[in-house]
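First comes one chain, alone, set out as structure tokens in the form predicted alone.
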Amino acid sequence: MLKTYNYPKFEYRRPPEIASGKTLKVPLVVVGAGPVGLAAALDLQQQGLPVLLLDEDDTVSIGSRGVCYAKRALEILDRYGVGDAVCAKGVSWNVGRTFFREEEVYNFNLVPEPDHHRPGMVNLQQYYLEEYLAASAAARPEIELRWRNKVVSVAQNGRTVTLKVETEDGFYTVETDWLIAADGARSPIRRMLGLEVEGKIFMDRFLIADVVMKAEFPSERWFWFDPPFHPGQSVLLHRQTDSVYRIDFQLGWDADPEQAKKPENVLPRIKAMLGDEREFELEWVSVYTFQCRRMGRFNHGNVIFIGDAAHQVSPFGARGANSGLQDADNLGWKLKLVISGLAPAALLDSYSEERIYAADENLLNSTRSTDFITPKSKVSRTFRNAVLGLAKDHAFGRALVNSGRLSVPAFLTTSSLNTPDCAGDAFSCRMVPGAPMDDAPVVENGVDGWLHNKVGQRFTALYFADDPQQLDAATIEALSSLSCGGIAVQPLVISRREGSVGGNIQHLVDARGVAARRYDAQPGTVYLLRPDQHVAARWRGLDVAKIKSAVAKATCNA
């Protein structure tokens, strides 16, 4: 166990089905209570769906796993009720620095502009995130958490999925309409269904050493190529909470993992980096290899895979958990509409389509990062070192440096759910159909807030106005009548001026014009946002028929 963290023990309860012998029938089961499975359960609960969550363990993840949570993930976590806790406990940072030998050759800022609620990254040990998510889930009666309940078999018949579950008191059976597999990279459910992941394993090994120490390192990401304290290899340093620092040492493929983890071999590496005079304690040591793989599709009948069960990437770039949280965010509203009969099952094909697009983007960036960090030939290493040598003084060299392209949300510009811009509707901003929406400071009823926290979990129509009190009756009536085939669309007026809007329409004040600037909005501009806060469509004028058509397209009802 760890010196800085006390692991919680979640209560096991004897399932009543063991005594009754009856099959438990539920609409939704999530298997795996890691960060992605917990996020999926919370997302579905917020959609108004009851969830049974099964996990074979009774605590959070053991040891050092995920560390970095990107701005988009933090915005999603806000909706699950844990964003504030993560940011309060974690270490926020925006700046990363790259060194070649002893010199800094490149740095970046993840959020170079002001007026964003969340930082570019927060570093926090994964067990804290799981603890916060588990507490949020346990507080919601619509989520039933069953710890130490292990799924040992899965079968589906085209209509339902049947699970056999093992506990210390015996076995019971669950029948569900939908099964969400969030059971990790080794996914037993994937294996039970005879499904595979495809990709590659990179021929290199890295040592993770979590170290407890008092140090003056800033809240930044530092990456070294060929440093004097670890010549010929790379090293990554991240500051975490509780005075814990994550250090990753590249070892090479020939390193013996068991020997590399022994304290007598780990301590000299750390002392060479930190100096003999600095006191520290080892918190956790492990050795890992890079994997970049994914399933061919993420939905198989009534079983849907998310997170590491569906795709795996190398840890440089923080694309694992961040991508998994976006999987949950993408899936929840679609499954809700399908279960409610408001959208066809084909909408779930778009989950696979969009998240495969995002996974391939992550895999490409992870593969490129790995190839740059671990060159496989003398020629590749010579090229890499030449790039690093040029980066200090030349912009084109800095553009080629790749110490791990950090997680960013996918711009789903090729999605079949998007409605393209109308001819003549010219925009000059990045909020294109398929883009994750930008945040901005806003005021509602005199209270400061953030645009991101005003939308989500439903379709929303942003209507940009100049003076809200001058909206005519026809516009107010149009904004109040946007629902499409039983799918509600919430109107939200954004203006530079204070005032009220008739028809009980929500109104936000964009006093400094940040939102208007980021959305290139003029009076009358309309954006249709999906429940997962991606742009579905945009127009220069309000047209109810066009909005309803875009909602139909975004829900596969067109």
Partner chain sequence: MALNLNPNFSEAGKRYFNAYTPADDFYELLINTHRDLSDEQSELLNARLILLLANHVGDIGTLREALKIAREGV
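We call the rigid core whatever largest set of C-alpha positions still superposes within 1.5 Å between the two forms. Just so we're clear, the structure is a prediction, and the values are computed from it rather than from any experiment. Numbering follows the first chain given and starts at 1.
Heads up, the form predicted in complex with the partner chain isn't pictured, but that's what we're talking about next.
Looking at Arg221, you'd find every heavy atom of it more than 4.5 angstroms from the partner chain in the predicted complex. With a 4.5 Å cutoff on heavy atoms, Arg191 does not count as touching the partner chain in the predicted complex; it lies far away. Though the partner is left out of this view, Leu390 does reach within 4.5 Å of the partner chain in the predicted complex, counting heavy atoms only.
Proximity of Lys261 to the partner chain in the predicted complex falls outside the 4.5 Å heavy atom cutoff. Distance criterion of 4.5 Å from any heavy atom to the partner chain in the predicted complex singles out Val379 from the list Ala426, Met203, Ala139, Val379. Residue in contact with the partner chain in the predicted complex (any heavy atom within 4.5 Å), chosen from Leu400, Val285, Leu342, Ala185: Leu400.
Only one of 401-409, 227-235, 473-481, 269-277 lies within 4.5 Å of the partner chain in the predicted complex by heavy atoms, and it is 401-409.
Annotation for 415-441: interface residues with the partner chain in the predicted complex are Cys429, Arg430, Val432 [heavy atom within 4.5 Å]. Glu113 shows a C-alpha shift of 2 Å or greater between the shown form and the other one [criterion: core-superposed Cα displacement of 2 Å].
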